[in-house]
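Given next, in structure tokens, is a single chain: the form predicted on its own.
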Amino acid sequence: MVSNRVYISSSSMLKVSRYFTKSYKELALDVVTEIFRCVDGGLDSVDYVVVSNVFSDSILDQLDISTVLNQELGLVPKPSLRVETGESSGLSAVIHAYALIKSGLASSVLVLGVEKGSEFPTTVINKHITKFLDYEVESIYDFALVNEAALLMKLYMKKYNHRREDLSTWSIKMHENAIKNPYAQLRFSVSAEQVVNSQIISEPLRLLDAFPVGDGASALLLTSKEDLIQSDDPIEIIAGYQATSLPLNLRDDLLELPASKSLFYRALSECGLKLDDAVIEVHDSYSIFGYLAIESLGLVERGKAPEAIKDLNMVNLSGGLKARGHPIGATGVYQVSEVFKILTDGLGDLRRDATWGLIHSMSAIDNNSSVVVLKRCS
């Protein structure tokens, strides 16, 4: 036993795609099988299962999905639960698993994120995504998340005197990064002209400013057991933070992410994290959110993100939600899995010898946000 320090033993992912011939059970089975292929003790090494999923009850008509998956995967009688905090569910699940080990309630926890949605028209998916907003204040009036993102982009352009073309840089960079990620959904490059001339989804947002709809599954094995740590240079989860914000209509500054900003401050001040020695993943379901996230992190001055992202070669190496894809409930688990692989064996050919990993996820516009900090224990 290594105290109650929390390490990542292993991770697995499927390429984010449209799996029309596979059920969510089959997607889950694929990644869990991969996790335990090289783990001594196999499934018996797990004390607890934490599942992240958002749409099982609203789209798949399945409640208590964590129990159903435990049964399907041969994990009974181990305890299981489902975590759901909107788009940040995956990272919330990782934090919950981390807390179980830190508290001593478990020594090893399987975190599983899985989402299915590609069988349904985009209009159906958008209807369910709108449920992340306050029904009585926003969605009842047909005001959707994409409209809020468009509003922020308009405000950003006006406040900082940017042209629409200036805000194409995030999409260009994310697609460039995704080409190197074998698990990414959109592995092709785009030009500024292609971004600004793509389909309007909510003026001034274009189709190439937005994440693609896709299915996915990812799993992590977190542990404090020495015999399950598979590397001489292990990666430790040293902190997990969560916070909520006031709804958008009650905020003083619409171009600030208050919950995320507070979490980034805690990560930097309490963990001693060095941004120039880190692999960073931020939430960028819409490109404007990526700009706001790196400004809230303090990587760049406010209003300067569209130009700065071109040279930030430690941010969203996966391609981010924008190009890797955003299988909603699984996304946070993907983010941690990707950073873990980049710091260890490599994400495809991509590997970095950085000391730190910083992962950020949020639901809607910073309504419920999470940050996880990883550190190489060399």
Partner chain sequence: MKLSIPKYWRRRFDYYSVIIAECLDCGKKTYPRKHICPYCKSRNVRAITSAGIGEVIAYTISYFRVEGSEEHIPKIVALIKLDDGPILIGELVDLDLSELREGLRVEAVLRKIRTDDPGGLIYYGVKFRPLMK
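Since this is a predicted model, take the numbers as computed values, not measurements. Numbering follows the first chain given and starts at 1.
Beyond what is shown, the protein has a form predicted in complex with its partner chain; the following relates to that form.
Residue heavy atoms within 4.5 Å of its partner chain in the model of the complex occur in exactly one stretch of 293 to 301, 109 to 117, 69 to 77, 201 to 209, and that stretch is 201 to 209. Its partner chain in the model of the complex comes within 4.5 Å of a heavy atom belonging to Phe143. Using a 4.5 Å cutoff between non-hydrogen atoms, Tyr135 counts as a contact of its partner chain in the model of the complex.
Remark: Glu236 does not count among the residues lining its partner chain in the model of the complex, judged by a heavy atom distance of 4.5 Å or less. Among heavy atoms of Asn147, some come within 4.5 Å of its partner chain in the model of the complex. Not one of Ser189, Asn313 and Leu317 is positioned with any heavy atom within 4.5 Å of its partner chain in the model of the complex. Of the residues given (Thr130, Ser168, Asn177, Ser224), Thr130 alone sits with a heavy atom within 4.5 Å of its partner chain in the model of the complex. A heavy atom within 4.5 Å of its partner chain in the model of the complex is found for exactly one of Leu155, Cys271, Leu105, Leu81: Leu155.
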